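Below you'll find only one chain, the form predicted alone, shown as structure tokens.
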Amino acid sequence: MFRRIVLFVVGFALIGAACAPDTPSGQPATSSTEAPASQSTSSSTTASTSTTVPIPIDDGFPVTIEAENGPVTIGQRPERILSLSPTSTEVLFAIDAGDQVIAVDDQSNYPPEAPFTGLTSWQPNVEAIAEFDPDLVFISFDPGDVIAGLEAVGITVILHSPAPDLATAFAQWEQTGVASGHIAEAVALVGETQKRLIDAVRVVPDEASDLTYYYELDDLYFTATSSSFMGELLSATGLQNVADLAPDPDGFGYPQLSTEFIVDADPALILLADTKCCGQNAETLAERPGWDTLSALSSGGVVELDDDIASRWGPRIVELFESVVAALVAVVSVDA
């Protein structure tokens, strides 16, 4: 248990070092999600993690964001933000930039007050986006020419694709704060999330390291290994991921298992990230051939997750983590 907490704290400390104030007040600020080649010896603050995010002291503009689509300079505080990413939408509202958001895509269903539209994030249309006259657009996916098309008509774009790990997610949140003029709120959001995650890890019983889990993405048995974003997050519990022993032909960390593999593994916890999309719950699992004898079903170890939270890398991931820890504690108490 102590080792898990230490690993979490060390990881957060490295992120915090990367987010330390670095730019003099009134000077252009920069923020980067690129991995540093080595520890810097200059005035720029870096850390040996996958993410580096120097954060300026104030919310002064202009600022330059080193996003995935290259350097993005924002001349003044954006007042007409359009989000084509459910995660970016959640972050913007969590850092009190919601009043600057004029439109969000058709998948941004949280928070409820977000200005929902019919804009699609999967097949973005430059003309449809431009009709909203945004001064800043957040996007998580570019099919090839959307960013170039928006920039051609003078619209600033920041690409934040799915985060591969927690450090990158935090970096994106803080970049969003830099870009929107809510740096302090973004840094506070990261800090509060870190604290809640560490608090949750503290109550994980030592017996967790002897238990396994299966994370279900859909009812075709696609899952996530420990190399995925969610797998990395859940590794802090000490639980062993049964998918780590399965072949992963594509090497992306999202293999498809067989029902025989899962039944043979007999996981102590089954985490369902397909309750909305596929209508899965403890009752439907018990109807699957051979599943009614699984330990997770007999000990109350089936956890029905929120599909939306499970598919995003936004501030609500801590709620998902806390729900898994609560279920883990309950399962251990049943077996005691």
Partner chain sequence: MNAGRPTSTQTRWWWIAGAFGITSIVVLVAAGVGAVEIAPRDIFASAWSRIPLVGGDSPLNPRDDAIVWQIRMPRIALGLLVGSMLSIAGTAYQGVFRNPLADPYLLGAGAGAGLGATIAIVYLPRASIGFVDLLPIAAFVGAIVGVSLAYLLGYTVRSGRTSVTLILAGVAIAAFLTAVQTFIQQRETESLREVYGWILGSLNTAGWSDVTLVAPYVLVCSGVIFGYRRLLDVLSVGEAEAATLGVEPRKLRLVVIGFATLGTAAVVAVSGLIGFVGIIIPHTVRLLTSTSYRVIVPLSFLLGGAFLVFADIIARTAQAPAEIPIGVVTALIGAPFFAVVLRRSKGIVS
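Numbering follows the first chain given and starts at 1. Remember, predicted model here, so these are calculated numbers, not experimental data.
The discussion below concerns the form predicted in complex with the partner chain, not included here.
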Only one of 221, 116, 110, 132 gets a heavy atom within 4.5 Å of the partner chain in the model of the complex. Which one? 221
Which listed residue (209, 256, 227, 156) meets the criterion of a heavy atom within 4.5 Å of the partner chain in the model of the complex? 256
Is there a heavy atom of residue 308 no more than 4.5 Å from a heavy atom of the partner chain in the model of the complex? yes
Any chance residue 286 has a heavy atom within 4.5 Å of the partner chain in the model of the complex? no
Can you tell me if residue 297 lies within 4.5 angstroms of the partner chain in the model of the complex, counting non-hydrogen atoms only? no
Flag residue 123 as yes or no: does it have a non-hydrogen atom within 4.5 angstroms of any non-hydrogen atom of the partner chain in the model of the complex? yes
Could you tell me if all three of 106, 261 and 293 have a heavy atom no more than 4.5 Å from the partner chain in the model of the complex? yes
Counting only non-hydrogen atoms, the one stretch of 124-132, 96-104, 262-270, 71-79 within 4.5 angstroms of the partner chain in the model of the complex is 262-270
